[in-house]
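To begin, one chain is listed below as structure tokens, in the form predicted alone.
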Amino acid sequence: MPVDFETDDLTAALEAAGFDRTRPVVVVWLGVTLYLTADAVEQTVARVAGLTTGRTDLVLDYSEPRRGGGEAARRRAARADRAAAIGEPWLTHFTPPDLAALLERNGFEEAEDLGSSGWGGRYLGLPPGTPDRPSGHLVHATRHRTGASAL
């Protein structure tokens, strides 16, 4: 069932598809936040946080704001321009502290935020010490309804 995160009610769509709010849930939300408004990202994270009366795990990715100059920044700007030219502009970026604050505001008590070197080392075998690139973070956040601890 398709959902437009900018306009649709995610909770209502899931319930219409038979979602059981009494069971733990894992939401994998990859390749999306960059293309949404900040409000839509915030609203979706809030809805995911309230999906169940039990544990909620959220896996998402995000991109940091453009920074610096040089060849890497030029290549990234060119990719953003190409995406915009085909109707998929990059709208929302987060700094790691801002993304952590968003998750905490919505009740996620635990979060692991891996920059490109972290997920690249873990999942792609990149060597230790590979520099982070701001273009990609992978986050696993958990919300427990039974108690809270700081992020």
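Since the model is a prediction, treat every value here as computed from it, not as a measurement. Counting begins at 1, following the sequence as shown.
Below, we turn to the form predicted together with a small molecule, even though it does not appear here.
Enquirer: Just give me the single entry in P97, G125, G68, G31 that has a non-hydrogen atom within 4.5 angstroms of the small molecule in the model of the complex.
Expert: Selected residue: G31.
Enquirer: Does the small molecule get within 4.5 angstroms of any non-hydrogen atom of L36 in the model of the complex?
Expert: Residue-level check for L36: yes, a contact with the small molecule.
Enquirer: So which of 46-54, 23-31, 108-116, 78-86 is the stretch with heavy atoms within 4.5 Å of the small molecule in the model of the complex?
Expert: It is the stretch 23-31.
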